[in-house]
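This document opens with one chain alone, in structure tokens, the form predicted alone.
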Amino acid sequence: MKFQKSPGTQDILPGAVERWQYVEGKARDICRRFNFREIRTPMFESTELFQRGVGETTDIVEKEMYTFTDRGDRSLTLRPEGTAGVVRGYVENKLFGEPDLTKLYYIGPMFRYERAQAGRYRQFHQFGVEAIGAVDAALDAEVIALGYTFYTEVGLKGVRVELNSVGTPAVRAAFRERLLAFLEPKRELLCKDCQSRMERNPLRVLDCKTDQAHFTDAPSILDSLDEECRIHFEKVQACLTDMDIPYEINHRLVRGLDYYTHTAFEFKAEGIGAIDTIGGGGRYNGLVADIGGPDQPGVGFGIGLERTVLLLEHQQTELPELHGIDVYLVALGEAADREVSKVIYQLRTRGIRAERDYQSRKMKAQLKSADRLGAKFTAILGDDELARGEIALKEMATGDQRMVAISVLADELSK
């Protein structure tokens, strides 16, 4: 029987995985600089957590969750996004008891039953941040700046920020009536999903990718903002302007999750088919209380790593040297072979990337292997050289070769 990976999943193979490691490393480094600390949450949680946290009228909850009943007759769901689990961890572990703002980040797989296409998988990976405990609009701008810095520093070009305010529940209730009055005459022109959303959550209609042509003249929620929401939104824009982060206002941007309040934003870039959203987030001031914690405000984002890697490939971004080894050791003779086993271990413990042959191949074949592995140097040891305590060190780029004492090989390579 021949086994294959499940639809919507992928194998990330050696040669490609180094690009992922580079991207993830950038994310961790930037979070360190912004003083965000890593949190790791379970890959499955109570189904009710996502129903309550993400929203029962969202596509994620209605159509896309991988839900199962375990042997204890509990309904569990593979996490479809990161925020609900992080907030649950924040509440359960009483991180709200810390005197300072809680700033967390995560990197890991998520699961949604979606139609597989370029940049979209059923198992996908997200890098996300959550800052919980402050209402300051400058924190919204910091979170957006962190995401923008990530895209910039991994080397992507043409990334832009789209920004909106979705107000408070009271603002949305007032806007709902205006929006329904606009949508009702168009009801029969809209897709079935939009017709259903009109009854339950009309703001979600604006998130539909199919019917955007019908929303050109839709009313703007920005015209319904109260004074508090307007001041908050203006400060976010002012902070982004001060940081020279380019953004555009998109009054139809609502995001696909129900927990957002005030700021909503997306990172956009062209180059992966019909999908141009590569990340997004917003403020969620009521979510912590909804999940059973104290009424603490929060703001965060989720960035799709598949889409980031695809864009790096599409833009043919030059990345730092991700492959190759420092030295390939060639052993000629039985005594030399034993010595190489010891020497290669010593090199590796010194932080030097080293490899050797284990297939008893001729010297020519070993040198070809060194070339394929991108070795910067080869170190050739025969029984005669071993008797003198020396090894031949060859620089692959120039062909220069010299004898060095085995005892100082690690020092020479470190230089």
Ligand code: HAM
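Fair warning: this is a prediction, and the values are worked out from it, not measured in the lab. Quick note: we count residues from 1 along the sequence shown, nothing fancier.
If you look for the form predicted in complex with histidyl-adenosine monophosphate, you will not find it shown, but the lines that follow are about it.
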{"item": "Listed residue that, although histidyl-adenosine monophosphate is not shown, lies within 4.5 Å of it in the predicted complex (heavy atoms), from 175, 233, 259, 105", "value": "259"}
{"item": "Contact residue in the predicted complex, chosen from 202, 271, 82, 297 - any heavy atom within 4.5 Å of histidyl-adenosine monophosphate", "value": "82"}
{"item": "Distance check, residue 77 to histidyl-adenosine monophosphate in the predicted complex, heavy atom within 4.5 Å", "value": "no"}
{"item": "Residue contact check: residue 144 to histidyl-adenosine monophosphate in the predicted complex, 4.5 Å heavy atom", "value": "no"}
{"item": "Contact flag, residue 224 vs histidyl-adenosine monophosphate in the predicted complex, heavy atom cut 4.5 Å", "value": "no"}
{"item": "Close approach of residue 129 to histidyl-adenosine monophosphate in the predicted complex, 4.5 Å, heavy atom", "value": "yes"}
{"item": "Candidate site 124, 255 and 307: all three near histidyl-adenosine monophosphate in the predicted complex by heavy atom within 4.5 Å", "value": "yes"}
{"item": "Location of histidyl-adenosine monophosphate contact in the predicted complex, chosen stretch of 106-114, 311-319, 333-341, 159-167 [non-hydrogen atom, 4.5 Å]", "value": "106-114"}
{"item": "Residues within stretch 211-244 having a non-hydrogen atom within 4.5 Å of histidyl-adenosine monophosphate in the predicted complex", "value": "none"}
